[in-house]
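Presented as structure tokens, the chain that follows is alone, the form predicted on its own.
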């Protein structure tokens, strides 16, 4: 039985959306083990989301419709991002919509609306977090665009589906050696785009150091559940993209059998597990940078991305 585009789309979308809280739970468990703690179960994020969905929402008195609108926009843009990023397979229908500029726009749109939600409450910490978030977005976008453009140049395709297909077909050792600076810059951008160390601490309780958490401080109940799930799904989508380029193995294609799809889903789970291990290890070994040194971090990411682009052009000639 051959796979249709719709079947692959449904299968890989379901796999990514169901695995998102598990990725966050695995990161928490890895960090706990680095600290010689037992840590919570890796399924704890599922129970946390279920608990939030049952709780009552509190809405700030002076907030507007923007506050209520933000969780829906952030969750919707993140779901679209997760759908268009190739995960368990390539060649599905969203491949035509996986343009690198669309992906960058979706990532930025979610951040912008999250900042609007933080400012709409009138909270000091919400405005501070929104201000910092927009600064980080402005610093991260140049490096992200150069990374995506370089990957597109390598693959001869501006779609993420074509980029993953190129790395899956190319000799692994040669392609990794040539794309190493670009992939390193991509990892730095992924950490920044998902508010991870050393840019932000997602587990902090100190308001003065918050970025992402300061913007969602006033949200509760189902609204907070939507934002927390969107954050986990965003991390999983970026992790799928990164791991499918670094380890482009076991990826199913449209037209192959159901067995290959099962292999693709299983390989995706293994890749996300390795990605969660990587994130948890980095967050345990790195120290959070001061916010006023963020330009140094993003300058490093930009220079590495630029070096990767120069290397890609030099290899062509």
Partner chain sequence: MIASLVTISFAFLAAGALLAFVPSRTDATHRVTYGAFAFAGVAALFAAAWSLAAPQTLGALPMTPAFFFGIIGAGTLLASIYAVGYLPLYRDTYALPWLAAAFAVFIIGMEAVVLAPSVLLFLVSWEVMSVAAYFLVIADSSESSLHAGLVYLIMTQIGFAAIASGLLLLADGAPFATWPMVAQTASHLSPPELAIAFVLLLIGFGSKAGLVPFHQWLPHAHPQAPSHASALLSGVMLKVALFGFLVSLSFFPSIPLPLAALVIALGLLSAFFGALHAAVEDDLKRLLAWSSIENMGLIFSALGVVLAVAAMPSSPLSAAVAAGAAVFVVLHTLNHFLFKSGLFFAAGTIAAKTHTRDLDALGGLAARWPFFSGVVLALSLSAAALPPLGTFFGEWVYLQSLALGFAAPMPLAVVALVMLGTIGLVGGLSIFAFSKLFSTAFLGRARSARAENPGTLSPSLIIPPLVGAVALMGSSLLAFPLLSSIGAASARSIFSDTTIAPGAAMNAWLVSGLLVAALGIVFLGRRALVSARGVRVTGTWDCGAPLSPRMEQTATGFAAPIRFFFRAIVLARKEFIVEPVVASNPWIAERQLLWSVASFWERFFYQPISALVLRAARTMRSLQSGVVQLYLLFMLVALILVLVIAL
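Positions refer to the first chain, counted from 1. Keep in mind it's a predicted model, so treat the numbers as computed, not measured.
Below, we refer to the form predicted together with its partner chain, which is not included among the displayed structures.
### Message
its partner chain is absent from this chain, but in the predicted complex, do 94, 112 and 146 each have a non-hydrogen atom within 4.5 Å of it?
### Response
The answer is yes: all three residues contact the partner (heavy atom, 4.5 Å cut-off).
**Message:** If contact means a heavy atom within 4.5 Å, which one of 183-191, 170-178, 233-241, 134-142 is the stretch that engages its partner chain in the predicted complex?
**Reply:** Heavy atoms within 4.5 Å of its partner chain in the predicted complex occur in 134-142.
Check whether residue 6 has any heavy atom within 4.5 Å of a heavy atom of its partner chain in the predicted complex, and answer yes or no. Answer no; every heavy atom of residue 6 is more than 4.5 Å from its partner chain in the predicted complex.
- Query: Using 4.5 Å between non-hydrogen atoms, is residue 291 touching its partner chain in the predicted complex?
  - Reply: Contact with its partner chain, yes.
Item to complete: Answer yes if any heavy atom of residue 22 is within 4.5 Å of a heavy atom of its partner chain in the predicted complex; otherwise answer no.
Response: No, residue 22 stays farther than 4.5 Å from its partner chain in the predicted complex.
Can you work out whether residue 258 and its partner chain are in contact in the predicted complex, taking contact to mean some heavy atom pair no more than 4.5 Å apart? Residue 258 lies outside the contact set for its partner chain.
Review point. Considering only 51-66, what residues come within 4.5 Å of its partner chain in the predicted complex, judged by heavy atoms?
Key: In sequence order, 53, 54, 55, 56, 57, 58, 59, 60, 61, 62, 64, 65, 66 come within 4.5 Å of the partner.
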